[in-house]
Structure formats: structure tokens, C-alpha cells
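Starting off, we have a lone chain in the form predicted on its own, written out as C-alpha cells.
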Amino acid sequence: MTSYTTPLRDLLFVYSELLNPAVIQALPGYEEVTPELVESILAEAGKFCEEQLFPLNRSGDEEGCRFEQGRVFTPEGFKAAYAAFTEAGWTTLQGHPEYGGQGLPKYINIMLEEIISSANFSFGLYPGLTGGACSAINGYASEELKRRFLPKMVAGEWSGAMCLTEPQCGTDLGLLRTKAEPQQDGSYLLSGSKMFITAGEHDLTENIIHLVLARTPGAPKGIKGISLFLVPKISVRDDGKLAAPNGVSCGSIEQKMGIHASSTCVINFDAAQGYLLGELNQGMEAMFVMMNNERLAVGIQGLGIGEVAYQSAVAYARERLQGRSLSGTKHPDKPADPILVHPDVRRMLLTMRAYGEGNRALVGWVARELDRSLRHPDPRSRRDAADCVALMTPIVKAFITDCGFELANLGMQVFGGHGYIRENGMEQYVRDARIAQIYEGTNGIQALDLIGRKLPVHTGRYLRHFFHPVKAYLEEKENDAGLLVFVLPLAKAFGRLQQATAWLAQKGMENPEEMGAAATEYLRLFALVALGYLWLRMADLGIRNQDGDEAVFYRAKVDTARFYFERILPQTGALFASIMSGSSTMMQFNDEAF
């Protein structure tokens, strides 16, 4: 009973109208990336995902992955779908042309990731991890390693996985125990065990390239002694041909609450040959390239889940007949009115819509800045764009995955009892969405990253790339009578964010626990203001385009913006009050009373 159609019009609205496509087209190498080309790519991507991936979503959840004698088998249909996915070239979109990629903007691949996440969350994890691994290899591997590994990975013939977590260390990677012994030929032999490794073992590709954090003999303690290694499941000769198995094995797969079609593995390394990426003892720097890539990707997973939950809930609300409208019968020819007429159902659907479309705009903004950070010819512009991406990454990861879970829950609530029944498909989205709030750094960790690292760095330089454009746009529109209903509440919310930021900066120097106690609420306050800024811009576009052929589309933008400003943005007042109350209610509570 779930349904999904690629939101092509809205993806293009953000790319081509809210965000100026000329900004990306002006970047070196992207001159031919016209809006028309982007539209054709997304249309084909949507068709593929709707026809080949979406039908496998529920069956993949029901069957799950199988672990037999050290091997992992994905659900029926996944291997064929992956072969079709690679044959169509979807793994090559953002790959470097030198290694067989199309060299297209990251933003296009990010839109593809949203579509895949809506159609089949679990499937998307396999190519998604590979793309992140390629980014780290491209940034830190030697030219010889790039030539040996990247062509097959870009083509999707080989996949990638990220091996960080061990039983005794998750967030605190300084506690890891995996060892890397240097060899005469410059390689290393790795021994140890990693857990919670997404796509660590499967049957979709002939080889899996693991990026592994490990410690060499005599390395400094903590994270300063961690190095990053490329470790193939099957050894690869200098000519790129496969050789013998490489001492990498899967010990088990986890039995999870959701994403059953994604293999989550215990991976053991037994004197497995690996190759150093980047500098010795500088592994976290290299791994953060992949981690930050994956944190953005996880936020997009939340966006994708929210979209398919919304579409499914709307379809159900149009068809489900229950009761009569409070203001009088709307469909006298039917035994009851569709539940779409009821205020509370409309509240849930509009909440889903307002968050979903706002989050898509936020992702688009960050994606554009990501491309600018990598391609802009001016070093200062690259730095400014990178600052923006760094600031917004924890917000995208945490807030949008929180929304993904919230929207999936709301969608299930719209379905009522039928949403709780497995065969109708909605409860799967709730289970699948929940992991996104946990992996790649829990959302609490993202909040600490925002408030403890991103805010104070370079005396608040990162903040300027959000505060300045918001302030400038509010000043530009403060005398626009048609927008005052949006400008005034956003100005108040923005003022709360500025005041909370200044207060926390002062209190944090006196007592770091003040920042820790406020972190989660501060991140949400920041995100709600960010969405308010983007909804103001979307409302402005909607008002200016209400008389054309797409009047219904643009009027819906204005009406959804009004709902956001009247029903969601007021949360900032409560969040501000909670932040300003301080840490004492938490930290002075008696430990023995817990």
C-alpha cells in the first residue's frame, strides 16, 4: 500500500529556481551541465528506481540477508538490480573521468541518492559506501593505488566499505586495537576485528575494498596514533587483476531492527595485506573525508524516507473512507468522506510536507556549496564554501534524520491500524529510518560537533556563512508587504538563535557542560531557523509565480510556507527557553537516583 513517484518537479525547483544553476555551471569542468541535462538525468534515475528498486523494497525487508559459511547473500532480485544499476552507469556519475567516471557535480549524485533512498533504502547503502570510499582513495592514495583500484570501484565492479568500529570503541576511536605491521615491500599486515560494518560482505561485487583504521607498532596513544589502510577482500595484482583471498573474512551479520537487506557485518582481518592511505598516524584526517561524505549521505537517507512516507500517507488519506467532515459531508455519493478532510490528518500531512520540502532545499544548498568547495577557481571562495559545508554537515545529518523518523511515524499514524500491519509497508519505513539517527555518529554526537567544534573554530568564522546571508535577506525583504507574514517571525527566530549562540559561547568558556547540555536543542533551533530562511525564499518565488501555467504548484509553496511559519517555526521559542535554562537540572541530579 506504499507508493512512490520521483518528486522531479520539486527537485528541479530547488536546483534551477531556488538555487541559481549558473553557479554550478560556472565551475571549471561543469560548463555543459545545463538544467536540461540535469532534468534528463533525474528523469532516467527516477524511472530506474521506481521500476527496479522500489518493487524490491518490501521483499528485501522480508527476506533479509543470509549468512552461510562465511558468505553473505543479498535478497532475491538485488544482485540483478545491482548489475542493471552498474550497467546503466549510475555508479559513475561523480567518479573522476581519469578512472572511468562521468565527472558530474556532487549535487547531481546527491539528488540520485535521495531518489534511491526513497525507493530502496537498503539497496542504496551498497553504492553509497563505495562512493565514499572512492572519495577517500582519490584524496589520499598514491597514484599507483588509484590506478589499481579506482577504475573497478567507479564502474561498480568492486565495492567499498568503511571499517572503524570495534566492540570496545564506537565514537571514541582512540580505543581501537586493530594492528598494522609494516612489511619490507611497503605494505602492512592488518590483524583485528571490526563490527557494524555496513556492506562489509555481500554477493553484489567480485571484490570489496575495505578502508580500515588501525594502529602501527609504537604509534602514539589515542587518535593521534591511528592510520588508515586500504585492504582488499581479494588481493589485487599490479595489473589490476584479482589474485588470492587476502585474510579478510566475515564472522557474522547482525540481526537488525531495520534495513534488513543491507548486510551489517563483523569483519575479521587475519594478517591481511593493506596499503597506507595518506600519512602515518594521520588516519582520522583521511577517514573524515569518507565519514563526512557518509554523514551527508545519511541525512539524505532521512530525506528519502520522509518523502516516500509522505507520498504513501497522502495516497492513503485520499482513498481511506472514515467518518464525515466536521464542517459537513464533502462526498455525499460515498458512505464516508476520505480522511483527508479531517484537520488532524491534514496537520500530519502538512507537517510532513513542510519538513520534507524544507529539508530538500537545505540539502540542495549544502550540495551546491560542496561543489563550489571542490571546483571554484578562487581559493577564498573554495574556503568559504568548505566552511559552509563543515558548519551544516552535522545539521543535515542529525536534523534531517530526526525528521525522517518523525515523518515515517506520522505516515504510519495516518494509516492508523493498517500502518501497524507489516504487509502494508509503512512500518518498515519507521524501522529503517531509526538507524539513520544512530550510525555515522549518533545525532547527539553531531550536536556536540556543531556546538563544540564548528561554532568556536577560527573565532566563529563558520557561522558567518549562515548568519550573514540570513541577515542580508531579512534586510532585503523587510519592507516587502507581501512577505511580512514570513519575515517577522523569521527575524524573531533568528534573533533567538543569535542570542543563544552568544550566551553559549560565553557560558561554554566558564563551564563546558553548559554547551553539552544545550547541544541537541541548539542544533534543532539552528535547523528550524535554516529551514525558515529557505522557506522564506521559496515563498518569495511562489508569490512571484502564482499567475502562470503552474499556479497550483507555486501556490502550494506559499501555503506550505505559511504552515511552516505558523505551526513549526514557533518551536524555536520553547527551544530557546530550554537552552537558556542552563545545565543545572541535568548535571546536579544525584547520580545514585538514576
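Bear in mind the structure is a predicted one, so any value in this text is a computation, not a measurement. All residue numbers refer to positions in the sequence shown, first residue = 1.
Missing here is the form predicted together with a further copy of the same chain; even so, the following discussion is about that form.
The stretch from 313-321, 242-250, 100-108, 205-213 that comes within 4.5 Å of a further copy of the same chain in the predicted bound form, counting heavy atoms only, is 313-321. Using a 4.5 Å cut-off to a further copy of the same chain in the predicted bound form, each of Gly170, Leu340 and Ser578 places a heavy atom inside that distance.
When you look in the predicted bound form, the only residue of Val366, Leu474, Leu349, Val236 with a non-hydrogen atom within 4.5 Å of a further copy of the same chain is Leu349. None of Pro456, Gly225, Gly516, Gly482 but one reaches within 4.5 angstroms of a further copy of the same chain in the predicted bound form through a heavy atom, and that residue is Gly516. At least one heavy atom of Gln413 is located within 4.5 Å of a further copy of the same chain in the predicted bound form. a further copy of the same chain in the predicted bound form is approached by Met195, whose closest heavy atom lies within 4.5 angstroms of it. In the predicted bound form, at least one heavy atom of Glu254 sits within 4.5 Å of a further copy of the same chain. Within this chain, Gly444 lines the site of a further copy of the same chain in the predicted bound form, having a heavy atom no more than 4.5 Å away. Counting a residue when any of its non-hydrogen atoms is within 4.5 Å of a further copy of the same chain in the predicted bound form, the hits in 556-584 run Ala556, Asp559, Thr560, Arg562, Phe563, Glu566, Arg567, Pro570, Gln571, Ala574, Ala577, Ser578, Ile579, Ser581, Gly582, Ser584.
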